[in-house]
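Read the single chain below, which is given as structure tokens and is the form predicted on its own.
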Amino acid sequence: MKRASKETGSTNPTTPRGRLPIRRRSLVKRLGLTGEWLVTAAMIYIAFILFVSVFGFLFQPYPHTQTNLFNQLQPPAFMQGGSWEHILGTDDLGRDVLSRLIKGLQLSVLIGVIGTAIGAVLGSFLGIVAAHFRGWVEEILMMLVDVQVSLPFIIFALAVLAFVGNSLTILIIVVGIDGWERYARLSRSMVLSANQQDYVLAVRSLGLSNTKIYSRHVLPNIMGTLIVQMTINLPGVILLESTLSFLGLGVQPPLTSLGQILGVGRDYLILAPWIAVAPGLVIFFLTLSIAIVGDWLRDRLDPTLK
């Protein structure tokens, strides 16, 4: 039997001791790409985006709100009729697209990072609470998780922003709520597993309080997995903010974001496509790069995928 299995060249990715086959594959593998050059390129692009987000004001040629009606819908420098004074052209009010792109990128990244952090902290805390108290507390929290999963969040976000208002603070809170149920489920399962480990039983027998046990021993051991989950959720938060701003319920003037610029450009896709193409490409490559790096981190840090 051993010889027959060798001759057939079976590559069934089973794990030792009868574990189920691992069928999940990362985004890099699903794309059919081998090696880590794609991950390196994604990291370089993310680093560039972060650099522009922090120091972009040093390279911003004009204020993002400066208008010039004499330069309306001016093409980019590489197109006929363009000028190097406006490298990426101007919009319907004569505002410099590059300047607005830099400013919008800063706000979109800020909202994405803060929103992801809110969801991670809220979901992880509720997951730990559910795992600790069990009983009716766990049932109620898991019921809320099921409600969140079954409800299309974009409808909930549109309803809140339409009735409550669309200030920047409310927008960040709304996008931050998105995805908390993933952290809750993940942290709950990991804490339940950690509570049965020898190191937790040992420190609990020494009389340490639950607060110290979770903060000093349990949380540091599950933090790596939660960070990977944050990198996976971050693209979704950025896309959610872009969608809400595109629909006019997100970032409002004089502030600007990538989604808000994209929403302005949709009315000029024929006359001035560069208004929408520039932020659209930035959003696409940013979310794709974060997803690639997130899958790479998951493959490296999650032992069940090795």
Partner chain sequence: MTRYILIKILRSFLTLWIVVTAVFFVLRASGDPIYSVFSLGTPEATLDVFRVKWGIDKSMIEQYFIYVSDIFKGDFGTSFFDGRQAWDIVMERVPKTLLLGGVTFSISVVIGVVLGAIAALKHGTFWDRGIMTAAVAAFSMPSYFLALLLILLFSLQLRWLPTAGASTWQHIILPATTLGLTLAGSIARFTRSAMLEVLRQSYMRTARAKGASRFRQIAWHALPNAAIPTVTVIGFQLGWLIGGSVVIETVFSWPGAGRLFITAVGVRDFAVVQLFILMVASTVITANLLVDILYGYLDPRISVTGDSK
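No experiment lies behind these values; they were computed from the predicted model shown. Residue numbers count along the first chain shown, from 1.
The next section is about a form of this same protein that is not shown, the form predicted together with the partner chain.
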Region of this chain that lies against the partner chain in the predicted bound form, out of 97-105, 166-174, 146-154, 67-75 [heavy atom, 4.5 Å] = 146-154
Could you tell me if all three of I44, G56 and P63 have a heavy atom no more than 4.5 Å from the partner chain in the predicted bound form?
-> no
Classify L93 as contacting or not contacting the partner chain in the predicted bound form by the rule of any non-hydrogen atom within 4.5 angstroms, answering yes or no.
-> no
Consider L219 of the chain shown here, and say whether it contacts the partner chain in the predicted bound form, taking contact as heavy atoms within 4.5 Å.
-> no
The partner chain contact at H86 in the predicted bound form, heavy atom, 4.5 Å | no
Applying a 4.5 Å heavy atom distance criterion, does V237 contact the partner chain in the predicted bound form?
-> no
In the predicted bound form, which of the listed residues (L255, V52, V39, A276) lies with a heavy atom within 4.5 Å of the partner chain?
-> A276
As a check of understanding, the residue in A162, I227, V137, M79 with any heavy atom within 4.5 Å of the partner chain in the predicted bound form should be identified as A162
Scan 264-282 and write down, in order along the chain, each residue with a heavy atom lying within 4.5 Å of the partner chain in the predicted bound form.
-> R266, L269, I270, P273, A276, V277, G280, L281
